[in-house]
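Presented as structure tokens, the chain that follows is alone, the form predicted on its own.
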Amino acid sequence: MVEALLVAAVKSAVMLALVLTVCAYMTLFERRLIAGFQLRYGPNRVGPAGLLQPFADAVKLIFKESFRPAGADPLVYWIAPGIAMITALFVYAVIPLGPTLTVLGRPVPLVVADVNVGILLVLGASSIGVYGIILGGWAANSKYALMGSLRSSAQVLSYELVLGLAVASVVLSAGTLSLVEIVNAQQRVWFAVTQPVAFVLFLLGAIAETGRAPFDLPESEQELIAGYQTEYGGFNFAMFYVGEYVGIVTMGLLAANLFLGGWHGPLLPGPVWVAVKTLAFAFFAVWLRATLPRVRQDQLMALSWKVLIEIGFLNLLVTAAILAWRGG
């Protein structure tokens, strides 16, 4: 029992350090990539080729003055960013990063906990994360922050349904809720091939769920300054910031494991394939930000409730009918 707890603790620490490092360099990846799209230089001064820029940004945010508006609720104001960051990191307890490896003659799964309802834990944690955004906007006692949090909550709840319907089609096809078993079910054919409609729905839902352009309505600076983050600074703002980039990496990992075969691929080791597929999703998200203009709030909500949810239900029904016919 003690050995199992020790192994889980070590895995959790390694996973936490890896995720935070990747998210820090996601900021550099996005800034340099958008600079290339716009034919300009990105951050390239701190360290060789700007590779130490994330560390400089982290030090700046840690030591930056943190303030609280006079009319803010003191307890909720400090708790809200922590809720957003902790719930974003919690899902990595069940997301696999590769196949089971053999270390010193013993099998070591590259996942903290392979539970048989892993995908439900991921969806549940993402649902709880919206509380941090709502409370952050409400506690700041600012109309701009409150409007941003209301927009974000409506957007997240709407597009969680789209994500859920896309994932449900994959779960039906794989016959399991375990992320490891879903990846194993794609040894021959990826679900992106057999479930193309669900894959497109997942991509759109993931972009909207993380508040990325062109669906970045909660932080539309021309209208709401910085949305629910307007009244936050210093380390509190950094926790919201980390939560946002953790969400991008999380959606990339889920896309890789649910639709792109996870660690299955030729020549390269399994964890490398997971990293490549996750990076491809991150590139897609940054590409959209550099290309498309922001949509209106009513267009965003109408797309979810009038188009994507209906398509998701129809795809789920067709998937269930095909599986029932094959089983019969």
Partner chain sequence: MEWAVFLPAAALAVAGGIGVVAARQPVHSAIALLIVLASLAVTYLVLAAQFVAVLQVIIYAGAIVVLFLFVIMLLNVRSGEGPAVKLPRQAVAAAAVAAGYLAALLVAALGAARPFPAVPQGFGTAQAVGAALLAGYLLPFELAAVIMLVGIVAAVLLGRRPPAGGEGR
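Here the structure is a predicted model, which is why all the values come from computation and not from measurement. Positions refer to the first chain, counted from 1.
Form predicted together with its partner chain: not shown, discussed below.
Engineer: Could you tell me if Asp73 has a non-hydrogen atom within 4.5 Å of its partner chain in the model of the complex?
Structural biologist: So Asp73 counts as contacting its partner chain.
Engineer: Verify the contact flag for Val200: yes if a non-hydrogen atom of it lies within 4.5 Å of a non-hydrogen atom of its partner chain in the model of the complex, no if not.
Structural biologist: Result no; Val200 lies far from its partner chain in the model of the complex.
Engineer: Can Ser149 be called a contact residue for its partner chain in the model of the complex at 4.5 Å between heavy atoms?
Structural biologist: Yes.
Engineer: Is Thr102 close to its partner chain in the model of the complex, meaning a heavy atom pair under 4.5 Å apart or at it?
Structural biologist: No, Thr102 is distant from the partner.
Engineer: Where does its partner chain sit in the model of the complex: which of 136 to 144, 93 to 101, 241 to 249, 208 to 216, heavy atoms within 4.5 Å?
Structural biologist: Flagged stretch: 136 to 144.
Engineer: Would its partner chain be touched by all three of Leu279, Gln297 and Trp305 in the model of the complex, meaning a heavy atom each within 4.5 Å?
Structural biologist: No.
Engineer: Just one of Val193, Ala154, Leu172, Leu161 has a heavy atom within 4.5 angstroms of its partner chain in the model of the complex, so which one?
Structural biologist: Only one listed residue qualifies here, and that residue is Ala154.
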